[in-house]
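Next comes just one chain, in structure tokens: the form predicted alone.
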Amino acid sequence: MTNDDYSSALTRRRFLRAVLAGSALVGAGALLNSCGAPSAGTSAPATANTTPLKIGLLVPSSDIYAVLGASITQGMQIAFAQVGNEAGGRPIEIISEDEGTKPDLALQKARKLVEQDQVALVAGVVSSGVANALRDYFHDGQKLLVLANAGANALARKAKSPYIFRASFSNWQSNWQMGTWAAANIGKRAMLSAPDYAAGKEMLSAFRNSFEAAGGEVVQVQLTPFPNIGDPAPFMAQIRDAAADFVYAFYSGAASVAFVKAYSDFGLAQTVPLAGVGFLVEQDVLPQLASAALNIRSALHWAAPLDNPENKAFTTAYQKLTNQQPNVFAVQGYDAARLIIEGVNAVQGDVSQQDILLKALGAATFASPRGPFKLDPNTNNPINPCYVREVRQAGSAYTNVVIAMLEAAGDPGDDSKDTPVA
């Protein structure tokens, strides 16, 4: 499916019609009901509010991260279908807007969802920059935001809000765990590379902290243009000349395709091993990367071959819905929806009981395709497993095979385990 196809699929209201119709997704829900799917909760009393529960969906449907937005949306579709597209006795109505990549425009879209469309909560958000820009609006207005991707560290630290919950990761996670592992298993001299924006710098700073603590040396930090790298040749030349044992990188979506392909095309893959946080070679880009991704090692909180019932059932449902392999963004969308369902069930659809709703969201636990899902009450951020994966070929397909499992960790809640990179 092309980016244009994804954008078309995500036009405003089209997702709403798909969710309310639900016919294609009921089968996906049936596949998951026996494998840890959320129950519909306690039956609502006869006097319950059965008007639609409006949920705002703010994800990219255009630009560089459109595929990520589509994956999150599809994961949410599966979770809502499992419970018949209702929670707390109320039918679910999704109203979607395009997040784009510009924080000021995304804030306008969020305000529209809350003030004009009167949604009960907003979910989604891919960009860390967008998430940071939304924080004060949701915190000051005491409105609920459930993040399905954006990993901005501050939202689990100094900018933590009781109204913002994350079903994905912080930018610190996986990178910090990988730093120690890389020093022991890849090399002691690393060059770091990421786009020049908040998420890229935060991910590299977490890796640098633990890598240097384990005896590693960062020989150079490379920050490339965002959102598009442009001509990769000068950056590949820097890597060639750095005399590093390996390169550790963060890129995602179309940017990862551009970087990893250039790395292979310039012959670097044969001389300087490439590693990174898992988005670099996640399942959404592997079909395009193909052999260029072979042997790249990465760390992430999910891997396609995970052998647990929830992951197997989710994979089957996702393939049935999309005719594609799932990816971590779809898993995060699924878990974000699961979290919402748990909270809304706890108040039997009466989201005006905000104190109870917030407490239920923070206490929610369930079996996820990634493994056990639980939030850290100090950060409203998941305590995530960390899988070290290696890209291997199986027939004509490529996948991330788990080669090590590192200790699960939540965000530290402050900046003590970060080493700035710029």
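As the structure is a prediction and not an experimental result, all values here were calculated from the model. All residue numbers are counted from 1 along the displayed sequence.
One more form of this protein should be noted, the form predicted together with a small molecule, which is absent from this view; the next part is about it.
Visitor: Go through 111-119, 305-313, 82-90, 144-152 and give me the stretch that gets within 4.5 Å of the small molecule in the model of the complex, heavy atoms only.
Guide: This holds for exactly one stretch, 144-152.
Visitor: May I ask you to choose, among Val331, Ala199, Ile94, Val247, the residue with a heavy atom within 4.5 Å of the small molecule in the model of the complex?
Guide: Of the listed residues, the single hit is Ala199.
Visitor: Between Asn327, Ser193, Ser205, Ser128, only one gets a heavy atom within 4.5 angstroms of the small molecule in the model of the complex; which residue is that?
Guide: Spelling it out, the residue with a heavy atom inside the cut-off is Ser128.
Visitor: Looking in the model of the complex, any heavy atom of Thr73 within 4.5 Å of the small molecule?
Guide: Thr73: no, not in contact with the small molecule in the model of the complex.
Visitor: Does Ser252 make contact with the small molecule in the model of the complex, using a 4.5 Å heavy atom cut-off?
Guide: Taking the distances in the model of the complex, the answer for Ser252 is yes, it comes within 4.5 Å of the small molecule.
Visitor: Even though the small molecule is not shown here, does Asn171 get within 4.5 Å of it in the model of the complex, heavy atoms only?
Guide: Heavy-atom contact with the small molecule at 4.5 Å: present for Asn171.
Visitor: Can you tell me whether Phe165 touches the small molecule? I mean in the model of the complex, with a 4.5 angstroms heavy atom cut-off.
Guide: Phe165: no contact with the small molecule in the model of the complex.
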